[in-house]
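Presented as structure tokens, the chain that follows is alone, the form predicted on its own.
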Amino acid sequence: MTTRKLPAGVQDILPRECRALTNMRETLSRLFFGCGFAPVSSAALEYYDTYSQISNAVAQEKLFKMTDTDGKLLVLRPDVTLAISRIAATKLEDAHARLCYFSEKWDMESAGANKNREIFQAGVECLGEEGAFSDAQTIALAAQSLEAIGLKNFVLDVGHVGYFKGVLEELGLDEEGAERLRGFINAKDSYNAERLLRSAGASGDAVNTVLALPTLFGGSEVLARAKALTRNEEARAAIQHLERVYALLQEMGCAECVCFDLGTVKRLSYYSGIVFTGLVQEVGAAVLSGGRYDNLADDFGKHIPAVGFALGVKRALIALERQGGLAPIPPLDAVIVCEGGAEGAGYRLFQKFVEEGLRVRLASRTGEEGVQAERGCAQKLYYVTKEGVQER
């Protein structure tokens, strides 16, 4: 009976979780506002061509598609960062801006386990900014965000797509081959990675460098190991950039939660530089993902360097609950029960308490029946009669 069920990959948010989500949004809103970010909200419906006819096209199978009344094909927003890149390139007078958002995105393909089709995100975009200091600030804000919402023992994995791109230069792979190799590396599938490289005629040194990528994970010592594995200028420049970012994070007091991972390679056409992922042990998927994407706005007519991140609110809530940090809904401060004929006086008391900032409910049932029904539902219970107010 489908009238009582939901499609795969979507879910209702019940009161306790909804309250936690509201608290999380309020916490992050204060943090982002205090750090100089202005809120922005992109349209939920856009034209199909916006995401299918660009160099960073979203795969058709990931798009929720529908037909407009004029026959044009529409999609539900599949990527918030792309949407904000469009806004920055076409609607902002000053491309140098710091924006934050709380938005849903929809992914037709994702469903099950930790994957949802309706994905609520909180994030920031630093537009028109370049350099190690901007990257370090963004990583520091990511750490602040995870800490602010109450997550503990999180790790920020930091890498750089330039390292993998530099290594690729020595392999002679076409774009399709490079994407296949990226998939093998991310899956830690050294067997198929080596087969692909051997069939492409890659040299022994190049093969050894690629196969070493999954081992390049850990503290700052990883950077020295990575630099020693290649002579490629782009790859070595990527390591130098990471060294500079790490030094800045140390100066800023934000390096304790940072480790390096050069063996997890994000989408090469989307990201242009540093990349990072927020992880907690309680969830088997990233709760936060970000990086530098200097070329995303190019498809919309303007080159705008940018760096940012998105925090997956649902996954963060799951992690908070498993860490014991998901607070229950607080009890009511008061319940007001009226005697028959004293409803007006009860309502005036109710309004007074609300204006004082209390969390209070005016009971719908009156008299002793109402008192018994509401007993224990709040810290205080007031009974209003024609003669006055009694605390019961």
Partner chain sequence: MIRFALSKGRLAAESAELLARCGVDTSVLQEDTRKLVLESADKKFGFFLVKPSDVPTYVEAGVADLGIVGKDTLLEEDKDLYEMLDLKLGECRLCLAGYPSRRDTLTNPHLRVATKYERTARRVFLERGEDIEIIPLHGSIELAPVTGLADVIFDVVQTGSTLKANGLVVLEEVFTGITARLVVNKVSLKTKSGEILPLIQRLKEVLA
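Residue numbers count along the first chain shown, from 1. Only a predicted model underlies this, so the values are computations on that prediction, with no experimental measurement involved.
From this point on, the text means the form predicted in complex with the partner chain, which you will not see here.
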* Which one of these stretches, 201-209, 67-75, 128-136, 184-192, sits within 4.5 Å of the partner chain in the model of the complex when only heavy atoms are counted? -> 184-192
* **Complete contact of I336, G340 and E374 with the partner chain in the model of the complex (any heavy atom, 4.5 Å)** => no
* Asked: Heavy atom within 4.5 Å of the partner chain in the model of the complex: which of D261, E170, D107, D299?
  -> D261
* Here the chain is shown alone; which of L229, L279, L196, A143 has a heavy atom within 4.5 Å of the partner chain in the model of the complex? -> L279
* Is there a heavy atom of A95 no more than 4.5 Å from a heavy atom of the partner chain in the model of the complex? -> no
* Are any of the heavy atoms in M252 no more than 4.5 Å from a heavy atom of the partner chain in the model of the complex? -> no
* Non-hydrogen atom contact D157 with the partner chain in the model of the complex at 4.5 angstroms -> yes
* **A286 within 4.5 Å of the partner chain in the model of the complex, heavy atoms** => yes
